[in-house]
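Next up is one chain by itself, shown in structure tokens, the form predicted on its own.
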Amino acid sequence: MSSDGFRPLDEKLLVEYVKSTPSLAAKLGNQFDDLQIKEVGDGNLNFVYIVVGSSGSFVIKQALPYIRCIGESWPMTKERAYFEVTALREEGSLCPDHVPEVYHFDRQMCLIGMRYVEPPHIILRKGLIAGIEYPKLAEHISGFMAKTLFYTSLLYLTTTDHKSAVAKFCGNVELCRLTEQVVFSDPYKVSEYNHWTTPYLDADAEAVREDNILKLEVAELKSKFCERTQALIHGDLHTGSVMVTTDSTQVIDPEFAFYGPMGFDVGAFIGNLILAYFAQDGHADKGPDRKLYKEWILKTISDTWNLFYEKFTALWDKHKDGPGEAYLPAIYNNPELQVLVKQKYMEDLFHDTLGFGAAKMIRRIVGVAHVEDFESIKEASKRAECERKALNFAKTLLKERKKFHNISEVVSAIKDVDK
């Protein structure tokens, strides 16, 4: 055990820990004889244990003082567990249907006990690779984003409350720095951590590093990410942070949460759906042709943005005379002006969404951490072909995002690249 009381748990220590923690023991009905414990942390950062007994279950997530997938050579603050649990509780209070409940938090041990999102839930990314349709996904995820982003923004909060909320998350600086590095810096320079499908994409990776216009646009997005405290964002809302069945959607892993630009969350999700779309041709040999499935992904991309727009602006209308200090009713005092304000706000948010989504796509192809959507395509030349289409589309989207006025234009552009 380190001087601060932290010790990494193995299965044996975990059982002792659970027995001595009333809130967790109670979840198992204080029955410990037939516990099944499985370590499932396939992510890049943490230990994750599923604990199942005859009378109940939960998940234990423990943050390590380094990046798990790289090792002790890349240290990482354990404090991220505090920001994760704070975000889980905040998001859970705003959107309880789509966020797992927290049962226990131990700040010294950097450990969270929370609801086990049980089978048949699977990680959305795995479902997209398998070609499974999720009819309620757009409905659910748009609701999650609309509520968590609206209610933590100045459209709803006073400037005093907003500033104190921003301050609470300011300490999550190490995970923000990690995002700054892997999303906005590394892909655009020579970095020891970058990799890509070589030799097929060697020239493509170099083209990213030599693209002046791309770099100018990325700089603008980076400054927004670093400087704009618009709302509490999940900070890592990709298809690997969502667990699904055909009628349930659970958003997990908000350890990157902080007050940042809303478009970073909406863009991360939509960008990852676009990656899934371009990966489909690499999975087409696994059973039926994926044409219809690709259409479903495009529809989900459209629906996600359109429903988000609808729900977010509905919350705005509902609370337009509320405490929010962004647009004071005494100033924005006629319907015409209210329409103009909303149009401008949502247009800016749409362009942020496209820019951040594109940046997230680029980093997944030529940066440090890739996505299983592409990585699971065994044949390198086939994989590279799918990745190149996605990369070319992402570069265009990032550079020309302000020319798009609605999501159907984006979908048309995706189809054009895919011809």
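For every residue, the number given is its place in the sequence shown, counted from 1. Just so we're clear, the structure is a prediction, and the values are computed from it rather than from any experiment.
Another form exists, predicted in complex with a further copy of the same chain; not displayed. Remarks below refer to it.
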- Here the chain is shown alone; which of F278, F312, Y188, W305 has a heavy atom within 4.5 Å of a further copy of the same chain in the predicted complex? Y188
- Message: I need to confirm a contact call. Of T86, T245, T229, T179, which residue comes within 4.5 Å of a further copy of the same chain in the predicted complex, counting heavy atoms only?
- Response: T229
- Message: Does a further copy of the same chain, in the predicted complex, lie within 4.5 angstroms of each residue among Y293, F356 and E385, using heavy atoms as the measure?
- Response: no
- Choose one stretch from 196-204, 127-135, 295-303, 154-162: the one whose residues place a heavy atom within 4.5 angstroms of a further copy of the same chain in the predicted complex. 154-162
- Task: State yes or no: in the predicted complex, is some non-hydrogen atom of W74 no more than 4.5 angstroms from a non-hydrogen atom of a further copy of the same chain?
- Result: no
- Taking heavy atoms only, is H104 within 4.5 angstroms of a further copy of the same chain in the predicted complex? no
- Item | Partner proximity in the predicted complex: E336 to a further copy of the same chain, non-hydrogen atom cutoff 4.5 Å | yes
- With a 4.5 Å heavy atom cut-off, would you call F144 a contact of a further copy of the same chain in the predicted complex? no
- Within 322-336, which residues come within 4.5 Å of a further copy of the same chain in the predicted complex, counting heavy atoms only? E325, A326, Y327, L328, A330, I331, Y332, N333, N334, E336
